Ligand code: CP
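The form predicted alone is given below as one chain in C-alpha cells.
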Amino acid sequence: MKNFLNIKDIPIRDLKKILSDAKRRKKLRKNLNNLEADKGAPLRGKLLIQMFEKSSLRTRLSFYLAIKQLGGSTLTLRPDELHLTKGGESIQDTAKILSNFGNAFMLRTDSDKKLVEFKKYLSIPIINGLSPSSHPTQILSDIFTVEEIKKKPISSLNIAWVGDSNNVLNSLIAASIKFSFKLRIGCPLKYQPNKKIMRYIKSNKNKIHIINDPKKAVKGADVIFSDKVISMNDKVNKTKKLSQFKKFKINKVLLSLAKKNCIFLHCLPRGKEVEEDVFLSKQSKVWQQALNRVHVQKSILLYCFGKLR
C-alpha cells in the first residue's frame, strides 16, 4: 500500500513509472468507450471513496472514470452529510470506517493537517485530490500532457509559470526539482512563493528562477502554465489583486515572446488571467490537458494498490 500526497515525497523512479504506465494505458483505450474496463480490469471489486470539501469538476469526473476503467467502483461522500462535520465524529473514527468499507480514499480538502491526520489513521491508501499547499495529481498529469505533445522528456524543456503563487505552482516547483527541468516563475513581487517554498527551492539548487517581469519569464519558453488569479475561497480585495496582475495577463503579445511552438496549459477553471484569443488558440492544449487526468489517475491508483507493471 502506498499513498499519493505530495510529489516531493514520491521517488522519481515511481513518478516516471506512473507516467509510463499511463502512456501505455491511453494507447490501449483507443477503441473503448468511457465506461468499458481496461483489459484484465486490474482493480475489479475495489471501491474508491471520494470526499470533496472544495468544489470540483475535473478531479471528480476523472477519478470516477479512472476507477471505473480499472474495473472498480466509486462512492462520493459530501462532508456536510457526515458526522465528521455535523456530529463531531473524530478523523480517527471516520478513518476506521472508511478503511473497513473502502479500498482507497481520495480527499480534496481545505486543510493540509486533515490529510496528515487521515494518513495516520487510515489502513487504506490516501490520495491528495487538492489541498491548500499542493495539487499533485494535476501536475503529474500536466507533465504527461507536455511530454505527449512535445514528444520529449520535460527535463529538456523550458517551462514558464505566469500568475499567482498557489498550490498548483507548489506542485510544479516540486516537479521541477524531481524531474530537473528549467522553471521560470513570473509573478508580482508581493505574490512570490511563501518562505517555506523559497527555502525548498534554495536547498535543492535547481533551475528555478522567480522573475517579476512576465516578458522575461516567458522568453524562450516551450510551455506556459497559468491558473486563476482569484482562487477558490481567496479572501482578498479582488479588484485590487486583479489590478496588480494586469501586466501578467497572458495575451498574444506575451505568447509571441515564447518559442513559436510554445503551448499554453491551464488547470481550469479559467479567470481573467488569460485572453480569450490565447485560451482558444491552437497553442492552447487545455482540453487535452483536462482529459489526460483520467489516464494518469488510473496509474496513480495502480501505484497506490501496488499493481503498477
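None of these values were measured; they are calculated from a predicted model. From 1 onward, residues are counted along the sequence shown.
The discussion below concerns the form predicted in complex with the ligand, not included here.
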Worksheet item: Is there any non-hydrogen atom of N251 lying within 4.5 Å of the ligand in the model of the complex?
Response: no
Worksheet entry | the ligand contact in the model of the complex: L268, any heavy atom under 4.5 Å | yes
Worksheet item: Does T94 make contact with the ligand in the model of the complex, using a 4.5 Å heavy atom cut-off?
Response: no
Worksheet item: Does the 4.5 Å heavy atom contact test between T59 and the ligand in the model of the complex come out positive?
Response: yes
Fill in: Residue stretch of 274-282, 39-47, 260-268, 26-34 approaching the ligand in the model of the complex, non-hydrogen atom distance within 4.5 Å
260-268
Worksheet item: Taking K68, K298 and K307 as the candidate spot, are all three within 4.5 angstroms of the ligand in the model of the complex by heavy atoms?
Response: no
Worksheet, complete the sentence: From Q138, N128, T145, N103: within 4.5 Å of the ligand in the model of the complex by heavy atoms is Q138
Worksheet entry | Sequence-ordered residues of 276-309 touching the ligand in the model of the complex, heavy atom within 4.5 Å | R293
